[in-house]
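Here's a solo chain for you in structure tokens, the form predicted on its own.
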């Protein structure tokens, strides 16, 4: 294994080890940590040694799957734990992405000022932009929640879908806000100086020399570690919250709202809190998406794509289960990516035989996902990893089921 692939494997250790921690979550820390490290080393160095040709694709696939995992976790905080039928995921996703872009970019100057417009540009650090994205998405969710959260089921779904479309159209038409219909480009990537020729001034010379074999095009390996850590933090925070008395109150409101109210729970406040929490998580996913894409515009946040796929991910993985939300995101993103290869092959193969059919092959991807959704509803409505029904820990011998 050459030095370049060895360094790439070292970056892959971070997601691989965290995957091991997730798989062995039932084990004690003394056993879980060594087992996760061993599994991570086998996966990372095994891929680097035996399948170096597909490493770049696996990294780009994993980055997008992790971003969608965070979106799925945000929806799970709303639907899985409190019963909000939110079809406006794309709207909060867009708010997070554009807020991140506005905070971390500089305002256009010189000749570019005549072609690119944005409300402000603070050239802020990446973490500041991520925090601002989550907070702004939460503020928008709080303002939206006041008039619409008294709605239920399909009425709430229609209202949130309409709000998501309004948000998208605002970003499309208001050029002063985020360049309107034109792309907002030049979004800086965190720690991108690590692989630049000039390097980062704060890095030790020995480490800078070791990383010199990697090129700027290898930045995705570093970004994979960043988004993986963001997913781990999001998962840990949400798990702690839903296992707390507050999380049990959310589930009580979801399962039997009248009984929860009679027990003294402030139902409206809990519903708003859950809605805002999910929006904050979705906004963070948008903050991770914008720097990875470098250039974003309104077309990235169409409700059919950014909302429908996330719902299928959560339903397949298992609503009410954060591990299921992550698993469903990876499975559906694998289906979506794989069907892309199939439709591209069929489009080329049918181009000479049936041009009209070949031009419609891209819609076959939606057919695959729609068929999978139908199978989920018919045969596995609880998902791959259904929600665990927790009973009182004071009852001896009563298992968690």
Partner chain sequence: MIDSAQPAADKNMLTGAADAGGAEAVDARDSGGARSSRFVGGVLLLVLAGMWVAGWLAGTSAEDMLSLTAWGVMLGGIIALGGIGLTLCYGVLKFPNFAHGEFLTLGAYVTYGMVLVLPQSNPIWRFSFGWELVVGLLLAAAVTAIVAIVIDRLLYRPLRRHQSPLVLLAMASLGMEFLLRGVVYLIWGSDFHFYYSGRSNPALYLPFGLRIQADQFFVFALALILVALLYWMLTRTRIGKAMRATADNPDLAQVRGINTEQVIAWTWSIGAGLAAIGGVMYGLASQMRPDMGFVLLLPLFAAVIMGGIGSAWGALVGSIIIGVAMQLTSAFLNPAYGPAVAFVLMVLVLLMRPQGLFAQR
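Keep in mind the model is a prediction, meaning the values are calculated, not measured. Take the two forms, find the largest set of C-alpha atoms that superpose within 1.5 Å, and that set is the rigid core. Positions refer to the first chain, counted from 1.
The form predicted in complex with the partner chain exists for this protein as well; it is not shown, and the discussion that follows is about that form.
Although the partner is absent here, residue 174 sits close enough that one of its heavy atoms falls within 4.5 Å of the partner chain in the model of the complex. Among heavy atoms of residue 338, none comes within 4.5 Å of the partner chain in the model of the complex. When contacts are judged by a 4.5 Å heavy atom cut-off, residue 334 does not count as touching the partner chain in the model of the complex. Among heavy atoms of residue 355, none comes within 4.5 Å of the partner chain in the model of the complex. This chain is displayed without the partner chain, yet in the model of the complex the stretch 161-169 from 161-169, 241-249, 115-123, 96-104 comes within 4.5 Å of it by heavy atoms.
With the partner removed from view, the residue among 231, 140, 315, 296 that has a non-hydrogen atom within 4.5 Å of the partner chain in the model of the complex turns out to be 315. For the options 204, 216, 147, 181, the one in contact with the partner chain in the model of the complex, meaning a heavy atom within 4.5 Å, is 147. Heavy atoms of no residue among 195, 323 and 327 are located within 4.5 Å of the partner chain in the model of the complex. Of all the residues from 84-106, those having a non-hydrogen atom no more than 4.5 Å from the partner chain in the model of the complex are 85, 87. Annotation for residue 294: C-alpha shift under 2 angstroms between this form and the one not shown, rigid core superposed. Core-superposed comparison between this form and the one not shown: the C-alpha position of residue 233 differs by less than 2 Å. The rigid-core alignment places the CA of residue 132 less than 2 Å apart between this form and the one not shown.
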